[in-house]
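Listed next as structure tokens is one chain, alone, in the form predicted on its own.
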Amino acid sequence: MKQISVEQAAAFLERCEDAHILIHRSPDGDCIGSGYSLQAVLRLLGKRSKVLCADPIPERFGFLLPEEPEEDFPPKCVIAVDVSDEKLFGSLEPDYAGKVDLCVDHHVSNLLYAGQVLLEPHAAAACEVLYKVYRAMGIQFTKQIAMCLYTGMATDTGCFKFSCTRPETHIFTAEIMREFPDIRYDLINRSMFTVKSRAALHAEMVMLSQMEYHCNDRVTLIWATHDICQENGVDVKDMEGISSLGLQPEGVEVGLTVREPEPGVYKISMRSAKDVNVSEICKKLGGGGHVKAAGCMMTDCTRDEVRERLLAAVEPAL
């Protein structure tokens, strides 16, 4: 592993050929914007590239995807964007573990698994890091690249509300908006942060109705377990964004959301309202992420055991 600079990453992309671009499972706006902006940049340079993800891209991000069909070809180089750990490749891990040539990321918990790593843990989004790389390459942005980068920075900052938002984040998005004034940024924000399907609203109502309060009401716990979802007619695809619900009650410092994508497999999301470093907590539980947003997984345990382990890990940090 070698940590490299923005300029060195730019030079790598200029000489790479036939790239497979990996983004993490359960894709969000930042990894989608990162992956497809990079594909667009490489195509501008006349290079073949393909974005791969273990899970389907949510429909609301469809406007970021290229009109051209994906090509099938064996990779000469493998690039991961916004992926801190090879485990996050999901079902792609067996094929690509140990084979990543370049990783561009902003997660403080990055395991430095790639041959070369451009890591900026203070950046608000991977798209923020890639913005700098593309400028160093002298790339003339297209409308698709601009929308990808804006969406990535907007979603990873909660529409610029989260504490990770930096002056550079505003400067870079302002430059994109100045260069492409015809893009409806208001509609992107509405789609990302306001509009929800009836099914998603129903899912939120169900989750809020059974929210638990712990540690003198400073910690909330939401269960999106297999049985609860089945009993209430909630589909997993409609639960995007529920991790933020736990921080809405006044006085809450840590919000815990436990999903159960399959029986006995618990995927935990942690969110911090103020000063608790949930990345450090999740690291002790085998996961990681950002200071204010992180996650981990638990298996082979009961719901009561999950609750007990989570609260035992969180309470000392309050």
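Residue indices: 1-based, along the sequence shown. These numbers were taken from a predicted model, which means no experiment stands behind them.
The discussion below concerns the form predicted in complex with a further copy of the same chain, not included here.
For Ser84, no non-hydrogen atom is located within 4.5 Å of a further copy of the same chain in the model of the complex, even though that partner is not displayed. In the model of the complex, a further copy of the same chain sits within 4.5 Å of a heavy atom of Asn189.
Contact check for Lys274: a non-hydrogen atom falls within 4.5 Å of a further copy of the same chain in the model of the complex.
Proximity of Thr142 to a further copy of the same chain in the model of the complex falls outside the 4.5 Å heavy atom cutoff. The stretch from 96-104, 212-220, 74-82, 112-120 that comes within 4.5 Å of a further copy of the same chain in the model of the complex, counting heavy atoms only, is 212-220. Annotation for 242-271: interface residues with a further copy of the same chain in the model of the complex are Leu247, Gln248, Pro249, Glu250, Gly251, Val252 [heavy atom within 4.5 Å].
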